[in-house]
Structures are given as C-alpha cells and as structure tokens.
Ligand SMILES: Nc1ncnc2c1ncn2[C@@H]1O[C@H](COP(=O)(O)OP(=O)(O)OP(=O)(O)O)[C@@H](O)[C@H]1O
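Consider the single chain below, provided in structure tokens and representing the form predicted alone.
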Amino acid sequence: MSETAVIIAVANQKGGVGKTTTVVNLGAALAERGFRTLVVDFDPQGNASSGLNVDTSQLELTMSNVLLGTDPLENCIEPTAEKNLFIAPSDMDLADAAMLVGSNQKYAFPQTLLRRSIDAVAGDFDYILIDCPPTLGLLTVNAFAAASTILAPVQCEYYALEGVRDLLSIVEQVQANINPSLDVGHFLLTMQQATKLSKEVEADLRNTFGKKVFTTAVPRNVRLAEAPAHGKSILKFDTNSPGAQAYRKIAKELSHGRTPRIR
C-alpha cells in the first residue's frame, strides 16, 4: 500500500449518520488547506458524485469500470469545481459490477480490487477519502482492504454506539483476513444538538475511544442538508455556516503535522 497518500474509508453500517456529508465536506476542507484530495465514490447511490455536481449520465467511465478492471482508476477521476478536489464518481452500475465480480471466478481475490486500483494513483494525492455504502458486502470490504484507516461518523442519537460495535466487529474480520493494519482511527460526532441525549452520546464515545474522537463535532445544520442539492460542498454553498466552520476545524485536526506535498 502506498505511503504517499493517507487513504481513509468513511464508514458506518448504520445509515443516516452523515457519512457522505462528511466525505464531501471534509474532502473540500482538506482541499481548501492545499491538500490534493480524491473522493472515491464507492456507493452505488452516487450521492458524493451528485453532491459535487458530477452528472454520471454524461460520463463514459465510473467506478464500475474500475471495479470490473476494464479501465484504470486514473481514467475515471474527474476534477470538481473546487480547487485541489477530485472525484472518482459512481452510479447504480457499481452494484451490478459488484455482483459480477463476486460471482465470476476470473476475478482472483475480488476483495482487493480497489486497493490495487488506488495503489496506482496514491502518489498523486495527499488524501484519498472512500465513501462506503451503508451495508456490509464486497464494496465495503474492498474499501476496508484499501484503506490505511477508517473514519466513522457517529450520530448523536439513540443506538449510535450499537452501530459502532457492529463496525468494530467487521473491522476485526478484515484485520484477520485481508488488511492486518486496518483500524478505526477516527470517530466524528455528527448532528450534535444541545440536548441531554446528544451530550450523553458524546460523553460515552469520548470515554470509550478517547483521543480517537475528533475534538470538533458537526452540529445539526440545515445548510449542510441543502448543499448537495446545489452540487456544492458546504464550504462553497455557505462558507460561514456552522457546518462549514466545523469541517474546516476537523480538517485541521486530521491534517495536523502534515503539509501538502510540493508538485
């Protein structure tokens, strides 16, 4: 696995926790700090792609082509309207590609197809963020095999820690069989509110995982929900909003001690 790019799978098997929101806006915040950043949309729903104003119906290549091995990842990468931010887009064809790869014996070691593709481009980026689907399957396993670490968004609501336990169980299996160096290196509190429940969830997570939990939490913010409909990150859609300020602080925490490589 390349040492040049930090490869982060953003994942939580519990849906609706702000996973894609985090991929898009953390990617944009890292790019704003000067880091050349690639978002790999590995969810067939393609929300990260549409959230960055990429119309996959107008493209010849998407991540389905990469997974099938018909085209290299570098040919799939598209620039976005935001400086230093790139995306490898996806659409529903990715689900069909995953089924084909999983059932066809010609694909040796299908769990590592994404890792091999990312290794070929890792030297071109500082950060690679993989948007995982909210289910356990071949796509998620591929993302975990490719990643150097996992960032888990955790919603400040009931059953949040149950989703974390499920994720940790899956990571243990991947560690044992595919990627022994993988861990959940970062937890990000999302949809935080000034309520007793939100504070209790935050306290539980910080007591359990300590410094792995970002100091900054993402507040519940309607502008974050509105930004994808405009094909922009929150940094471009409403640059002074609480959501934009939060993701800038998280990017600063994540990239502490690193500087963009000169190209």
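Counting begins at 1, following the sequence as shown. Computed from a prediction, not measured in an experiment: that's the story for all the values here.
FYI, the form predicted together with this ligand isn't displayed, but the following is about it.
Participant: Considering 218, 63, 26, 39, which brings a non-hydrogen atom within 4.5 Å of this ligand in the predicted bound form?
Facilitator: Partner contact (heavy atom, 4.5 Å) among the options: 218.
Participant: Work out which of the listed stretches, 26-34, 201-209, 39-47, 63-71, brings a heavy atom within 4.5 angstroms of this ligand in the predicted bound form.
Facilitator: This holds for exactly one stretch, 39-47.
Participant: May I ask you to state whether residue 225 is within 4.5 Å of this ligand in the predicted bound form, using heavy atom distances?
Facilitator: Output for residue 225 is yes: heavy atoms within 4.5 Å of this ligand.
Participant: Although this ligand is absent from this view, report whether residue 254 comes within 4.5 Å of it in the predicted bound form, heavy atoms only.
Facilitator: No, no contact at 4.5 Å.
Participant: Determine whether any heavy atom of residue 17 comes within 4.5 Å of a heavy atom of this ligand in the predicted bound form, and answer yes or no.
Facilitator: It does: once this ligand is placed as it appears in the predicted bound form, residue 17 has a heavy atom within 4.5 Å of it.
Participant: Using the partner position in the predicted bound form, report whether residue 174 sits within 4.5 Å of this ligand, counting heavy atoms only.
Facilitator: Looking in the predicted bound form, residue contacts with this ligand do not include residue 174, since no heavy atom lies within 4.5 Å.
Participant: Should the three residues 21, 134 and 191 be counted as contacting this ligand in the predicted bound form, with contact defined as a heavy atom within 4.5 Å for each?
Facilitator: Every residue of the candidate spot has a heavy atom within 4.5 Å of this ligand in the predicted bound form.
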